[in-house]
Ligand SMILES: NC(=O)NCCC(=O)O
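For reference, the chain that follows is the form predicted on its own, supplied as structure tokens.
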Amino acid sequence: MAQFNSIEEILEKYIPKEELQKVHRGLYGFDIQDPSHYLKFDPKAKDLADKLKLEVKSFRFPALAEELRKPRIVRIGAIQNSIVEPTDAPIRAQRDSLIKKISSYIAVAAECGVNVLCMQETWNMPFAFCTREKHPWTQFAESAEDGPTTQAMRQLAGRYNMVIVSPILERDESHGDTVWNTAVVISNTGKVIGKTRKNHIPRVGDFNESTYYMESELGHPVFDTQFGRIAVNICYGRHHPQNWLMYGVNGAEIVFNPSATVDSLSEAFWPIEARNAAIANNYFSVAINRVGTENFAHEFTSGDGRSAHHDFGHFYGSSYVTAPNGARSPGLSRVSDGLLVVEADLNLCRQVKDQWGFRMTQRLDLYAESLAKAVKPDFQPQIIAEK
């Protein structure tokens, strides 16, 4: 099936300009044609991106000026990418080609002034979990603390004074060589601050990832960095509102959602979930999706009624950022590698809390009590019928 580039391009092609402004306000919360919402980069950044054939988009979320607090301006970066080598190439060649590619994209991000950056889910390998084959794919798993991917990202983080969130397939040698879906958080000093793991594991058709790794036992950590308090809600966790909630309860100001999802499955969900989370929890959410179609040598099927196939669909990119007031950036392309750079004033998080009072009215005590009852074997739903 032929792929289109973006929703924005279709809207601009068919809707008259005066009407398009109204459509944009309804869809994005802003008139996205207003040039004041976009950043200007040094020509060197554009030249480098053009050489790499990397789409670069930007957006700016303003906040009110305050008398007692200075603006907390942060540039957030999100990278979506396709794989480089075919999936039957040697493992080292696949991994190293992606490290080289993403390193060049991070150089563009640095030229654009990015302070904190995240890549897509397991960015340094194909998304092979659909195949359910353990080998050769588990060979991509590496130490979160000192594996080759983390070592490369540590060097770049220190070089560019940039916090880097690097989602990888982790090999935990301290606990029986177990495998985890992990995001490594690297400080702008080049040191590993810590890691977080995927809390919810899909068992949906080809996305039956529990054959590789299980649910995290690390909770909902928030990492205090020079550029704000950040958290990582990996892929399938975005379908669970409680998961988003807990990062907010723990004080996150920016929550990244590195993902891998295909057009035949989830595209109706994609523009909604991360946006809802930003609104409900008063933080910036960053939705990042893989791009391209990945083909595998052996056919596979997952008991979902589909015939055997060599790929499981088109990863549709469309990465975007939402502010706590519900306004969102335009998305990156559905078909090409891209870097999204968003300038945000983190003061907006508290301003929206004050305006809407969601934290003050959220009744955690009520839901904690109700959920404690709901998980018990003798639970009865609170349903009242006519007598």
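Position 1 is the first residue in the sequence shown; the rest follow in order. These figures come from a predicted structure and were not determined experimentally.
Form predicted together with this ligand: not shown, discussed below.
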{"property": "Every residue of 118, 197 and 256 near this ligand in the model of the complex, heavy atom within 4.5 Å", "result": "no"}
{"property": "Residue stretch of 150 to 158, 136 to 144, 197 to 205, 169 to 177 approaching this ligand in the model of the complex, non-hydrogen atom distance within 4.5 Å", "result": "197 to 205"}
{"property": "Distance check, residue 266 to this ligand in the model of the complex, heavy atom within 4.5 Å", "result": "yes"}
{"property": "Touches this ligand in the model of the complex: residue 238 (any heavy atom, 4.5 Å)", "result": "yes"}
{"property": "Partner proximity in the model of the complex: residue 261 to this ligand, non-hydrogen atom cutoff 4.5 Å", "result": "yes"}
{"property": "Touches this ligand in the model of the complex: residue 105 (any heavy atom, 4.5 Å)", "result": "no"}
{"property": "Contact assignment for this ligand in the model of the complex, among 284, 127, 244, 227, heavy atom within 4.5 Å", "result": "127"}
{"property": "The single option of 209, 96, 85, 311 touching this ligand in the model of the complex, heavy atom within 4.5 Å", "result": "209"}
